[in-house]
Structure formats: C-alpha cells, structure tokens
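Shown next as structure tokens: one chain only, the form predicted on its own.
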Amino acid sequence: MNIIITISITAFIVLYAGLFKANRALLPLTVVGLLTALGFTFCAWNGNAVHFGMMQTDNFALAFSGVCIVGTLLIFLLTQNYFAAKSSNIAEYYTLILFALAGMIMMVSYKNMAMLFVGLEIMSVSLYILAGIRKQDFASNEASLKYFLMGAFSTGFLLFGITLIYGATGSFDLDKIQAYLVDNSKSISPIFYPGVILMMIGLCFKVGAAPFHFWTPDVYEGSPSLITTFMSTVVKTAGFAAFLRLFASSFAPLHDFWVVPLTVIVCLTLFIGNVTALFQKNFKRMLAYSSISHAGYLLFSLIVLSKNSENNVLVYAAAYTFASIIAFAVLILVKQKTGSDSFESFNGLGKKNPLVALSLTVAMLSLAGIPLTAGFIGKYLMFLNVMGEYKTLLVAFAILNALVGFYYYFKVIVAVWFKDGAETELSTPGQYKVVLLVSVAITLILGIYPAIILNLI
C-alpha cells in the first residue's frame, strides 16, 4: 500500500510543481518518488500483507511492481527535452504517467476483482489522454479515439464477466472464488463459464492478443514515441501480471475448460503478430506488431500451469521490457535527427554512433531470443514449461514463428551495421546513455546469469 501512496503523492507534488512553473524540478521530484516507491518494494519483500481484503503485497505483486517501477523510471530519464518540445505544460505528462503507474500497481496486487477494475480504469483513462495529448496532431487524436473506443468496448466484456462470476459465487474475492470452484466442482453454476470467457476476452484486449489486437498498431504509431514506449513495456507487463493472477490461481480449477480457447488465441497471436511484422517498412509499426507476437509467448505460461508459471512470466516480461526500452530510446534519437522512423533511417548507425548501434543490436538479439540475452532465457523457460507436458506440436509452432521473427529483427541489425546512411553524427544525451547502458546491462546479465531472477517469486 505504501508503494501506491508514494506514487500518488509524487503525482500530486509534480502536478502542483507544474502549476508554479517549476519545470526543472519535475524530473528530480519524479525520480525521488519512484526510488522511494522502489525502496518500499524491497522493504515489503516476504511480507505477504493483505490490505483491507482488497490488495495483497505478496512476492508476486512486489516483483512485478519492481519491474514496472524500474521500467517507468528509465522511461522518465528519456524525457530530457522530449516533452518540452511537445508542450509547455509538461507536468501533465509526468502526472498522468505516474497515475497510470499507480493503477498498474493495483492491477498486479489486487485480491478482489473490484480492485482489478479500479486499477485497470485508472491506468486506461490516463493512457487515453496520453495517447492524444498532442492536440494539433491528427495521428495522435486518431490513436486516442481508437484506444478509447476499443478500451471501453473491452471494459464492457470484462465487467460483464465479473458480473456473471459474482452472480455465480456471490463474491469478488479471488480466494473465495477459487474455494467455490473447489467445493462445487460438480455443480458449478452455468453462468460461471461464460463469465470466465468474457473476462478472458476483456483482458486479451488489454494486452493486445489476437484477434483482439486491431487497436495496437495504429495506437502505437499515432501516440508520442515516449508514450508508446510506456504502453508497450510497463503497461503490457502489468496487464499480463493481472491476467496471470486471476487465471493461474482463482480460475485454475477450471483450467481444462479455458485452456482450449486460450490455446487458439496463443496460436493466432503468434502467427498474426510475426507475419504482419514481417511486411512492415516502419520501425515503430514493426515493434507494435512484434509486441503482439510477444503477447503470445507470454500467454504460454497459462497453457500449462506449474509452480514456475509466475516466475516464467516475470523473466519474460522483464526481458521484453528492457529490450523494448532500448529499441524505443534509439528510435526517439534517430527520429529527432532524421524526422523518420522507417528502416532506412537506421542505415549506417554503427558508424554514426557505435554505442547507440550496439545497444540497439543487443535489444534486437534479445527480442529475437538469441542466446546470452534475457530474451533467450524467457523463451527457453516458456517452451520448457510447455514441453514438460508433451505439447511438442505447440512448441514447434511457436519456434517456427520465432524463426520468422529473426528476419525482421535482423533486418534492423543489417541496416545498422551493413548499409550506408547519411554522413551525419548522432549525438546521445547523458540521460539516454544511462538508460541504454542500464538496460543493456540488465539484458546481458539476465541472459548470462539468469539465477538472479529465477525462482524469485
């Protein structure tokens, strides 16, 4: 609870600092607030406290909260001169991101489905505004409208599902719902089953899984690049943590029922995400479609429930988050210099700025799942978990799709190192260097020595 309070207080302080035009103080205040929240995360480890019967700060919640906070902190470090170029009222950017983060902490630590909905809406409303915050930009307005309409639509599915489950069990509490399924395994109310499916659909919308992914490419492309970075990394991590908390615990007794539609969703997500990313000519749009494919790999953890499912999602989410932050940070630098986010904009980057080029290469290798990177460990754990149940056909399908991913990720690496570009230098601000170095270090350390994070939950 201290984590949410700290982040919320920080958001209000930053908002009032903006009202008094103290723009130089916004980033230091935000960094101090997030570091304090991260400190509370470490202090609460192994505490397993329950707050008002609505939230539970167990190690699962704390681990995912830590990833979200660190990811958000790195994204804030990328704001150097970025928001100032978009608007004179930059405090609103900081405040909305912090409130979205507070909603995400609720999503990863909820114990009651009412709190899941509250956290989800706090996050979503903040993101609707952030996506369209460039009022004079038609693409940003379009992104916000699409995100709002599809988000509201998916919320309807989620609420209807919650209503049906409450009608069947008489409770919003996750433990009581699980106890109901165990105690009434042969006489479960018929309205419970459509409730589970509707909640699955609503959450699949939120994490961008196919066939509920149509909003993702346009929203990612139209939103400001830094907001897209936030949505495709931290927001996705929180969404999958919420998904896993519900289905891997409360709905686990009905695994045989919901695993079939989920398997179909996983296969569609992997295929559509990878194949469509293959034909993109725009780097930002390619990352949007590849994020869809990564949603498929993350959902692998629910195909076969095991004691390692939660930790596998944590490892994969962390690997994906830090690799994507690198990719988007480089995109922001390149677009500021060239005015374009096409693949050709990255031509010759290795000669212009070796540090940036090397960082982007590590990110692409990790997203592709190449050994010695965190992305490889994440994919390996996901595949190993499913292989243990002899679902070899599904793993083979996923590996084939991963091979497709090699092409479009290596396409970027080829452009960076083996193609000639304009003879212009690309300078790197100090804060960007910190973000790149920290993210690359985490990606390589988790890839070379994964024991640091394995069995953490």
Partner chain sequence: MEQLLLLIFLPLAGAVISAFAGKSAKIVSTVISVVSLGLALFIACNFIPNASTQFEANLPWIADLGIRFHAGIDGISMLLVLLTNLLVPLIILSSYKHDYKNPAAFYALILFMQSGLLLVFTAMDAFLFYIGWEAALIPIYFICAFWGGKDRIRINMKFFVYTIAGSLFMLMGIIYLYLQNPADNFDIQAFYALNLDSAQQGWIFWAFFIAFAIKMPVFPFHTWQPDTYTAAPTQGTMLLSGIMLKMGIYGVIRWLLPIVPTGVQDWGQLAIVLSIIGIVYASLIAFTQKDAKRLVAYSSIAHVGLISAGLFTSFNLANLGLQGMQGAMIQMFSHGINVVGLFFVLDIIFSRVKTNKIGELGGIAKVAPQLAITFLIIVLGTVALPGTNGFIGEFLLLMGVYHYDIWAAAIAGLTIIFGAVYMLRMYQNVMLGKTNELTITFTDIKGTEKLVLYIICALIIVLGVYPKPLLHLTEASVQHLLEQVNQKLTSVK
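Numbering follows the first chain given and starts at 1. Remember, it's a predicted structure, so these values are computed and weren't measured experimentally.
What comes next is about the form predicted together with the partner chain, which is not displayed.
Note on the partner interface in the predicted bound form: the residue among 110, 316, 383, 93 having a heavy atom within 4.5 angstroms of the partner chain is 383. Shown without its partner, this chain lists 54, 29, 395, 426 as candidates; in the predicted bound form, only 395 has a non-hydrogen atom within 4.5 angstroms of the partner chain.
Proximity of 407, 449 and 454 to the partner chain in the predicted bound form is complete: all three residues have a non-hydrogen atom within 4.5 angstroms. Not displayed here, the partner chain is approached by residue 418 to within 4.5 Å at the level of heavy atoms in the predicted bound form. The partner chain is not drawn, but in the predicted bound form it has a heavy atom within 4.5 Å of residue 372.
At the 4.5 Å threshold, heavy atoms of residue 43 stay clear of the partner chain in the predicted bound form, well away from it. Although the partner is absent here, residue 278 is not a contact residue: none of its heavy atoms lies within 4.5 angstroms of the partner chain in the predicted bound form.
With the partner omitted here, the stretch from 172 to 180, 101 to 109, 375 to 383, 130 to 138 that lies within 4.5 Å of the partner chain by heavy atoms in the predicted bound form is 375 to 383. Counting a residue when any of its non-hydrogen atoms is within 4.5 Å of the partner chain in the predicted bound form, the one hit in 338 to 367 is 361.
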